[in-house]
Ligand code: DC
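What follows is one chain in structure tokens, specifically the form predicted on its own.
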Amino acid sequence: MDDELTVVAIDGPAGSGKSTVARKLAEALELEYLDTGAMYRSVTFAALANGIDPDDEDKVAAVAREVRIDLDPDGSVVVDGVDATTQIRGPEVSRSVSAVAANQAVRSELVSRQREWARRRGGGVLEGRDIGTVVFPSARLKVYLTADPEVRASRRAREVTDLDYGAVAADLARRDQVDSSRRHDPLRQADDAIIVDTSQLTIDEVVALLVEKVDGGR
């Protein structure tokens, strides 16, 4: 049945432009949008809020199974009734989210939720790190966004106001290493994904390119 869904999978490392591109692409295609990274950050936030060590796999897995995550199309995130829109992007969560995302039980739970989300809507634009390789390997279009490390760090530094460029660049390098080498569902591009380097492209240029690819496949 998944072959009948209109799913666009957008993967790539932090700072590559996934969220902005995915939102605008969803609008252009009149599809709903899901930021799967926000789900992993929400589990991390919930674990930290309950005093749980992000490296405690069993306890974090229990949090993932029980947590209520409400993602609004406007970008707001509510975790167990608490508005966590700002907190999930803060340095504390950012430092811990890779450990949570490496937890197999957490990944299994969230992948199940992501698939159900798309099935209820007949598809959607989903962005993350394993959408085209794990969540929806039969997606209508698979995209892998990338950018020069310096560009990615500069973009992320503008988003995280309480960290300087050096700290952000170091954190991105650490996350790249962890995400690409983790045992379960590592970050990698799907064999049939379209690779787009966004370093010198505007958001509108990237979106226009992807709209053309989707329309050409219909």
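Since this is a predicted model, take the numbers as computed values, not measurements. In case it trips you up, residue 1 is the first one in the sequence shown, and so on.
In what follows, reference is made to the form predicted in complex with this ligand, a form of this protein that is not presented.
query: Which of these stretches, 117-125, 91-99, 73-81, 139-147, has heavy atoms within 4.5 Å of this ligand in the predicted bound form?
result: Answer to the contact question: 91-99.
- request: Find out whether any non-hydrogen atom of residue 182 is located within 4.5 angstroms of this ligand in the predicted bound form, and reply yes or no.
  value: Yes, contact at 4.5 Å.
query: Does residue 152 make contact with this ligand in the predicted bound form, using a 4.5 Å heavy atom cut-off?
result: Residue 152: no contact with this ligand in the predicted bound form.
message: Check residue 130 for me: does it contact this ligand in the predicted bound form (non-hydrogen atoms, 4.5 angstroms)?
response: Yes - in the predicted bound form, heavy atoms of residue 130 and this ligand come within 4.5 Å of each other.
Contact test in the predicted bound form: residue 40 vs this ligand, heavy atoms, 4.5 Å: Heavy-atom contact with this ligand at 4.5 Å: present for residue 40.
- prompt: Can you name the residues of 6-33 that have a non-hydrogen atom within 4.5 angstroms of this ligand in the predicted bound form?
  reply: In sequence order, 14, 18 come within 4.5 Å of the partner.
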